[in-house]
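Have a look below at one chain only, the form predicted alone, in structure tokens format.
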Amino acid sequence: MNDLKLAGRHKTARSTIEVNGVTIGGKEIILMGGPCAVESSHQMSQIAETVKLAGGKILRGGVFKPRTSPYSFQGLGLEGLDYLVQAARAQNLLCVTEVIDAASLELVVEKVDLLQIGARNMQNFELLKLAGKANKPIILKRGLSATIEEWLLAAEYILAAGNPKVILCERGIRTFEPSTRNTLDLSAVGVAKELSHLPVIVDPSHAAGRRDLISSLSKAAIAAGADGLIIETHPNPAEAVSDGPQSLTPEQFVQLAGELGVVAGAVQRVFTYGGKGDTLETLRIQIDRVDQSIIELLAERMQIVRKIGDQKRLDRVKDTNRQNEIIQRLVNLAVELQLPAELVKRIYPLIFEFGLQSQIKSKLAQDKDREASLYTLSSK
């Protein structure tokens, strides 16, 4: 791609874009959230609180909406822009909205922190040139049927016009598959980062078109190398004026955010979950996550116990000395962590007993199978 004179990866270091203290393209995964369309001041205040609680850094909301049907909701315009900006400022968040033409660009450029050029305008070259003259970061969404080369060349228009702050956004492409709204091309994240130095984020909401897939696609995007996520959330998706089926509830959004850190850590990235407050909702979400982790770890422990049992004789399955050593070690650890030692002393004998019974059942089953095999051989 010889024409990628500015967007191409001509250097080892990747570009990062800093916006009022928020760095996109660095080690930290940046979460952006908000409704497809701004509907009211109350709606935006609610969602801004949700985004902040979840650890999000940027509030999104559409005020000018290019819709497939001319009869669909087209946005609140300047009134909606005021709701978006006020809600973001109240929670100390940045904000981003989509521009669709020269007029909308002129109206919002001095009020928001980032601008978005949507999929339908990815090859609106005059708009790209105007965005290149704006001193604001641009989130450039991949077109509905655009190749990666076309996407990067669209970014080149912005860069060539003088704006180096371009963030690529993969949001799914149109394919023959009708099960989802679009097909999320996660391979495009890796390809774009190989060919370009620009940050890449992912919009799983427009890709899936259905909320039940958002969580898994978000985690997959981080694993694939995305620098951030832009996810739709609405106080009441059933009543949303646009894209309700693909919008997460506030509870779902916060829960997903609480799960992103593990995936980020697995690929040497960082996501700081914001749900550290003491509201009942937040605390319950944290409890649910901890309980799930405990059960998953217990299941893993039981699997290891069964493997150990397979290597023991039946008359030596129980090892009292080993159990006592484990309990004492864990009691000492509990004391260090300010956990009641009595809790460990009550729980672990039960865990040992269930593990012991599992090993005995496994050994008896093995012996029975062995006897059956010997009987079969002797009968021949």
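Keep in mind the model is a prediction, meaning the values are calculated, not measured. The numbering used is simple: start at 1 and walk along the sequence shown.
Separately, the form predicted in complex with phosphoenolpyruvate (PEP) exists; it is not shown, and the next lines address it.
In plain terms, the part of the chain that comes close to phosphoenolpyruvate (PEP) in the predicted bound form, with a heavy atom within 4.5 Å, is 118 to 126 out of 118 to 126, 296 to 304, 214 to 222, 155 to 163. Put simply, A54 is far from phosphoenolpyruvate (PEP) in the predicted bound form: not one heavy atom of it is within 4.5 Å.
Taking the partner from the other structure, phosphoenolpyruvate (PEP) in the predicted bound form has a heavy atom within 4.5 Å of a heavy atom of C36. Taking non-hydrogen atoms only, K141 approaches phosphoenolpyruvate (PEP) to within 4.5 angstroms in the predicted bound form. Contact check for E232: a non-hydrogen atom falls within 4.5 Å of phosphoenolpyruvate (PEP) in the predicted bound form.
Although the partner is absent from the chain shown here, none of R14, E28 and K193 has a heavy atom within 4.5 Å of phosphoenolpyruvate (PEP) in the predicted bound form. For the stretch 95 to 115, the set of residues having any non-hydrogen atom within 4.5 angstroms of phosphoenolpyruvate (PEP) in the predicted bound form comprises only E98.
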